[in-house]
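First comes one chain, alone, set out as structure tokens in the form predicted alone.
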């Protein structure tokens, strides 16, 4: 009887296992396999060698690119968390009408009804040397010359990242805040807690699952992005995703595969570290 239940259990999960194997495990396995292949200037060939990984871990260029990507990730995460928590808190605790909450939340999603590339490129005429921002600042007399660092700079890259991925922080935090029992907030206020104390000791601890989920989304999206860095930096900054894209463009598939494996492991370590801060499965 137990054996039949065991077999039935495997039969029930076999469709999911098949899908995961075909779309996840097999592609990742192929990437890992190709990462050990050798390559020449114009071709690549099956082999088992560690030259691709040796180059990655010894190249100063690779280290600087990873540091730059981590910097983009950390700054983007900070601003997305600040903006996302503020917006979610306002919607959850200061907007009393459910209809108004839904309306304001949908307004936050309007920019996401278009392509990421369109939303990203829309910043170019705004931040350009003769763009709206520089012209406005000059007309107000705040600057004498156009600001060169507004576009094709690290500032533009981070601004685009925050614009593109902020909603991925707002949604899970808002969803978690809506599940907080309002009687806990009222009890804290009745006990004499100030607004800051309620925020620090009640709302933030109970919002940790949403913060972690949003952080995972933002971190993984920024770490793997390449098109935003390419367009918004004007070719003056690099990221791991762009490095992999360049290697693919040069047909250096083994090197690109090794970079992808290292990037995957790095992101998994970062996600694992965040998951250790809160048990999302228990909290939700």
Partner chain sequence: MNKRGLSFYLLAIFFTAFVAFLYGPTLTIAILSFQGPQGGLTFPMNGTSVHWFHNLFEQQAVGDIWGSFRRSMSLGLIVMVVTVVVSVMGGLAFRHRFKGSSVVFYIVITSLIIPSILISLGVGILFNLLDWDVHWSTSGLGSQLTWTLPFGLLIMFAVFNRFDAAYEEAARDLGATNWQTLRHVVLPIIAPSLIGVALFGFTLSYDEFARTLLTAGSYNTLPLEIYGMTTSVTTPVLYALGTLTTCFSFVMIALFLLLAKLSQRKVSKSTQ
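What we label the rigid core is the largest C-alpha set whose atoms superpose within 1.5 Å from one form to the other. Numbering follows the first chain given and starts at 1. Bear in mind the structure is a predicted one, so any value in this text is a computation, not a measurement.
Below: the form predicted together with its partner chain, not depicted.
Visitor: So which of 63, 28, 250, 70 reaches within 4.5 angstroms of its partner chain in the predicted bound form, heavy atom to heavy atom?
Guide: By the 4.5 Å heavy-atom cutoff, the listed residue in contact is 28.
Visitor: Can you pick the one in 203, 212, 87, 150 that has a heavy atom within 4.5 Å of its partner chain in the predicted bound form?
Guide: Spelling it out, the residue with a heavy atom inside the cut-off is 87.
Visitor: Using a 4.5 Å heavy atom cut-off, indicate which stretch of 107-115, 70-78, 140-148, 204-212 touches its partner chain in the predicted bound form.
Guide: This holds for exactly one stretch, 107-115.
Visitor: Taking a heavy atom within 4.5 Å as contact, would all three of 37, 131 and 220 count as contacting its partner chain in the predicted bound form?
Guide: Per the other structure, all of 37, 131 and 220 touch its partner chain.
Visitor: Does any heavy atom of residue 122 come within 4.5 Å of a heavy atom of its partner chain in the predicted bound form?
Guide: Yes.
Visitor: Using a 4.5 angstroms cut-off on non-hydrogen atoms, would residue 92 count as touching its partner chain in the predicted bound form?
Guide: No, residue 92 is distant from the partner.
Visitor: Just to confirm, residue 168 within 4.5 Å of its partner chain in the predicted bound form by heavy atoms?
Guide: Residue 168 belongs to the contact set for its partner chain.
Visitor: Should residue 226 be classed as touching its partner chain in the predicted bound form when contacts are defined as heavy atoms within 4.5 Å?
Guide: Flag for residue 226 set to yes.
Visitor: Would you give me the residues of 187-206 that have any heavy atom within 4.5 Å of its partner chain in the predicted bound form, in order from first to last?
Guide: Counting only heavy atoms within 4.5 Å of its partner chain in the predicted bound form, the single contacting residue of 187-206 is 189.
Visitor: When the rigid core is used for the superposition, does residue 264 move between the shown form and the other one (threshold: C-alpha shift of 2 Å or more)?
Guide: No: residue 264 shifts by under 2 Å between the shown form and the other one.
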